[in-house]
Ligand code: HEC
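This document opens with one chain alone, in structure tokens, the form predicted alone.
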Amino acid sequence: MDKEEKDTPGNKFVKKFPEQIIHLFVVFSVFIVGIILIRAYVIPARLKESGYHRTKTIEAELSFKGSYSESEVCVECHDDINEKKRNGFHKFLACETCHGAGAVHAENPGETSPPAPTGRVYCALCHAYDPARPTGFPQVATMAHNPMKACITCHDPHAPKPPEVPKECSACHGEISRTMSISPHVHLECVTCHTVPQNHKTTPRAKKPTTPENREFCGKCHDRDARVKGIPGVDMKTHGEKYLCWQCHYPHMPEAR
């Protein structure tokens, strides 16, 4: 009897495949059969038509009441504002970026007016400090920057040049400023290592500050022959050999790696 059980096809199948594989196969088969049954008897026939979703999407888009117009339409009545905007930092923003869909207003300007964001929340969507944004993009700490005042109190939204140029580098380089605050370089001014053109403060991407290009620059303070009191000194001829100082030391936090 035992021999016959061992020779049955079922026993041979169990021996060939581990029990876990058989269980997984059964579960997978039940899952596939369930999907087939649901598709055959539960999903309505119209949802299985290839063109159904495309048709419904077109209908939904056509039923959308809010429609946009091009900025050229706004210029027809607001040429003075457009002239100001064209020469400002927001020249690449479409009017409807801030004012919303304006086709209805363009057709009946006397009956409807587009919304004009005047609070602090809307501007913060782009200008609240975020380290992921490009260096030089205007950012502020919204809780500390003129708290409780609307942005348009100081900035004309169509030409948002600040009323005065920031005097401190930390206005744009907050992350670097916070790093240096706990760094051995905390007492160094930025211009100690960087030559900063005056127009860098107004066009930071077009005019960039200079950065040191060689080992000798750091050696002015850190070469042991310089003998600057209280500053770590090394033999610049042998220390680091051919490598630049900032390949091993981050200048704003120059701890040894």
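One rule holds for the numbers: they count along the sequence shown, beginning at 1. Here the structure is a predicted model, which means the values were calculated and not measured.
Another form exists, predicted in complex with heme C (HEC); not displayed. Remarks below refer to it.
Chemist: Honest question, do 38, 53 and 57 all end up within 4.5 Å of heme C (HEC) in the predicted complex by heavy atom distance?
Modeler: Looking in the predicted complex, the three residues 38, 53 and 57 all stay beyond 4.5 Å of heme C (HEC) (heavy atoms).
Chemist: Determine whether any heavy atom of residue 212 comes within 4.5 Å of a heavy atom of heme C (HEC) in the predicted complex, and answer yes or no.
Modeler: It does: once heme C (HEC) is placed as it appears in the predicted complex, residue 212 has a heavy atom within 4.5 Å of it.
Chemist: Quick one: does residue 44 come within 4.5 Å of heme C (HEC) in the predicted complex, counting heavy atoms only?
Modeler: Answer no; every heavy atom of residue 44 is more than 4.5 Å from heme C (HEC) in the predicted complex.
Chemist: Would residue 129 show up as a contact with heme C (HEC) in the predicted complex if we use heavy atoms at 4.5 Å?
Modeler: Although heme C (HEC) is absent here, residue 129 would stay clear of it in the predicted complex, with no heavy atoms inside 4.5 Å.
Chemist: In the predicted complex, does residue 232 come within 4.5 Å of heme C (HEC), counting heavy atoms only?
Modeler: Result yes; residue 232 sits at the interface with heme C (HEC) in the predicted complex.
Chemist: Out of 141-159, which residues reach within 4.5 Å of heme C (HEC) in the predicted complex, heavy atoms considered?
Modeler: Those in contact are 142, 145, 146, 149, 150, 151, 152, 153, 154, 155, 157, 158.
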